[in-house]
Structures are given as C-alpha cells and as structure tokens.
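Form predicted on its own, single chain, as structure tokens, below.
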Amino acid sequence: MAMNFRGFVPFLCLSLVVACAARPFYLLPSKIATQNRQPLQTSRPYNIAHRGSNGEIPEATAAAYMRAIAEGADFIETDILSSKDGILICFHDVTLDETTDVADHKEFADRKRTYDVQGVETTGFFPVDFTLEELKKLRVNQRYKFRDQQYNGMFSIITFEEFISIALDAPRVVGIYPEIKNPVLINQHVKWPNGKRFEDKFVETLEKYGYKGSYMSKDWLEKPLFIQSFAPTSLVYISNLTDSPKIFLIDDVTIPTQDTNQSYWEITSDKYLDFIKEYVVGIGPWKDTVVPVKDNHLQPPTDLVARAHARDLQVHPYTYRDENSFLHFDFHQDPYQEYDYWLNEIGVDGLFTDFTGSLHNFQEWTSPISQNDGKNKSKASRLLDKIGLLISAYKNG
C-alpha cells in the first residue's frame, strides 16, 4: 500500500509547532463520526505497531501512530508513564535523554537526577520531574542513527488521551495496546489525590473513553484493547478494576521482573503460567527467548509457545525490525522470511513490529483477510486525507 506521506509530514510538523504551547494539540475526545467503520480483523495474527511506525517516524509520536494506521496496523502500541503533575503520557524510556532534545533546553539543566530503577542507579532527566506543560516544550528524535533523521525535532510527546483519540479517529476500528510502564518508579515519585495509584489512573483513562469488556466481547470488538505490563502485581491489581484483556510481558532471560524480582525461569514455568493465566489472556516474550540465538544464528525453539497455547494463552513476541542489524543470518537479510518463520512455523498470535507496513504487506500477500478486499484497501489509502481534515479543524477551531 503505497502512500505519499512525505509531503504530509512537514504540514503536520508546522501545525504542531504552531500549537506546541496548547494542551492538547489533538482533538479530545474524538470529534469525527465513526459509524460504519471497518471492524478489526480477527482472522490472522495481529499486526501490533510498536510505538507506532517508529522505523520511519520518531517513536510514540502522533505522526508515528497515524503512519502505522495508514499502513494497516491492527493495534497501535505505547508505553505509559506520568508527568510530575500526574498526567499520563506516551513515552518509553524512564529518562528523556536518548530520544528528546531535553539537553538543548538550558532552562531544564538543573532537573537531572539519579534514581534507583529496578536496582540500577540511573542518571538522567526523568519525566516524573517535569510537568506536562514542560514536557510539551520538548521534541522527539529518532532513536537509531541509521534510521531516517529528517523528522527529528518535529513532534512533541503526546498524552495517553491524545493517543486514544488517534485510535478512535481512525477510519476503521484500530485497537490500542498500552503498557503500564515502570509502575514501581511512577508510584514512588508521583502522588495522586485520595491515595490513588498509577494503575488506578491508567484504568480510569481507559474507562473514560469507553474501553471495557473481555476479549472478543461486543464491547471489546467496538474498542479493542490489550493492557500489557512487565509487572505481574500491576496486572493482578487491575484485574479487580477491569475485565479488559491483559498481556504479561516477559523480558530477557537475564532480567528479573521489575516488581517481584522473579527470574525468567520462574515466570515461564508451568506452575507460574497456571497462576498468571487467571489474570491474563496472553504473554509477550522477547523473541530471542522463544527461539534462542547463538552467534546470530537461530537455535532450536523452546516449548514456551506450545505451553502457553496449551493454557489458551496468546503469544505476542517483540520486537520485529526490518534492518539487517536486527535480522538473524537465517533470514538472509529478508524480513519477510522472519515473518514467515514466526507466523507459520512458530505459530504466534501477534507481532510487535517497528515496520507496520512490511508486516501488513506480507500478511496481505500470504494470508489476505479477503481475496476481494479492494474496498477496504481504498479506505486505508484515504487516511492521510482524514488526518489533514483533523489538523485543519484544529487550526480553525
């Protein structure tokens, strides 16, 4: 699905720069009529846009998410943190240093701190020490230097509510996949009235926009959602707040859980999977723990996927990237070979990818939702026109 996005991005950038002092820059809640939208596809593994289409556009920005929707994402994924004043934001790292221009803002030079993050003394500029108004002054940059740098400095950090509205304003049903990120750190440094926790505010935001319902229920299909976290205690806690489906994220074999300090081997044991399945509908493991790698060559797969499926747990591994530096030798520098391996040999139920378009194209060519789906493709190709209308409405409103 080829789209002329390049000409649109400067226009979006200009609109955001003009509005950078305003909060929010994106219409809240959805102002666009969304009746009769194409439903979420559920006939093939999910295409999960990891921080948006961040292989092309700086991660977790409005432009990255809009691009991912244009390219065919089933779900747009984000990490949720909090500002100093308790506003939930979309940002991956616990510090701002690597992917924003915070170092260029001399007015924030005294904000550098050192905090314990999962047992590691970490120094940098933490979002929890900035108000939302201050965070909105920053601009996001591409994480990897070998990716396109032309959009650096164009886009601001967005809020959780702005992220939700981007999904709700899509021309078809697009799910959201937010992560409760570093809840231990957030609950230590941000305090909400009436003793509420980070997890409470997270669920309240989802409920405000009508996200509810168990997996595949009518409510869920209208507003699809997976809640993800590396922190099992957060997932157990919010199970008392919402029946929305949850995914337990599993890190590398060397990294314990951030809240319970359990090892990889503990949380992937049969006993633990039997426990956690009462609270989640699936797991999200780092892909190199599902299929180990040695000297950049694949080793025999583990039985984690089979054991998860035996318990009716979905498996959504992360992260799939098109560049040669991320592709194992077995795939011969071809991301489509990697997709084929994971979808058809390992048999996973969804993929977190930085390149939504390439995964969508592979699935369309190999497992199309419909052999006669031209109408749906034309809907997707009109997304950029709709984005332009959204921004025009904002500028004129």
Partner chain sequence: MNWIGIIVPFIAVSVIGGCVGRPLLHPAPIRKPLQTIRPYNIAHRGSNGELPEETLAAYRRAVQEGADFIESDILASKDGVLICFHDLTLDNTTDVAIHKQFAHRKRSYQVQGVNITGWFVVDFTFEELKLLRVKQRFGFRDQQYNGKFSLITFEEFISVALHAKRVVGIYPEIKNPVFINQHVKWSDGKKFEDKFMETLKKYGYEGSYKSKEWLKQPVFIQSFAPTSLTYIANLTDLPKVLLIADPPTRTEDTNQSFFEITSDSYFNFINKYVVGIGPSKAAILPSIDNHLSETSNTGLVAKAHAHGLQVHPYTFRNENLFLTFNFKQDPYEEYDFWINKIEVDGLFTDFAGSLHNFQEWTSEKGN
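Since the structure is predicted, the reported quantities are computational estimates derived from the model, not experimental observations. Residue numbers count along the first chain shown, from 1.
The next section is about a form of this same protein that is not shown, the form predicted together with the partner chain.
Contact with the partner chain in the model of the complex holds for all three of 146, 150 and 366, each having a heavy atom within 4.5 Å.
Although the partner is absent here, residue 337 sits close enough that one of its heavy atoms falls within 4.5 Å of the partner chain in the model of the complex. The shortest heavy atom separation between residue 191 and the partner chain in the model of the complex exceeds 4.5 Å.
Although the partner is absent here, residue 214 is not a contact residue: none of its heavy atoms lies within 4.5 angstroms of the partner chain in the model of the complex. Proximity of residue 324 to the partner chain in the model of the complex: non-hydrogen atoms within 4.5 Å are present.
Proximity to the partner chain in the model of the complex, taken as a non-hydrogen atom within 4.5 angstroms, holds for one residue of 218, 106, 271, 297, which is 297. This chain appears without its partner; in the model of the complex, the one residue of 71, 74, 169, 179 with a heavy atom within 4.5 Å of the partner chain is 71.
The stretch in contact with the partner chain in the model of the complex, judged by heavy atoms within 4.5 Å, is 315 to 323, chosen from 315 to 323, 192 to 200, 277 to 285, 115 to 123. In the model of the complex, 55, 56, 71 are the residues of 43 to 79 with at least one heavy atom within 4.5 Å of the partner chain, listed from first to last.
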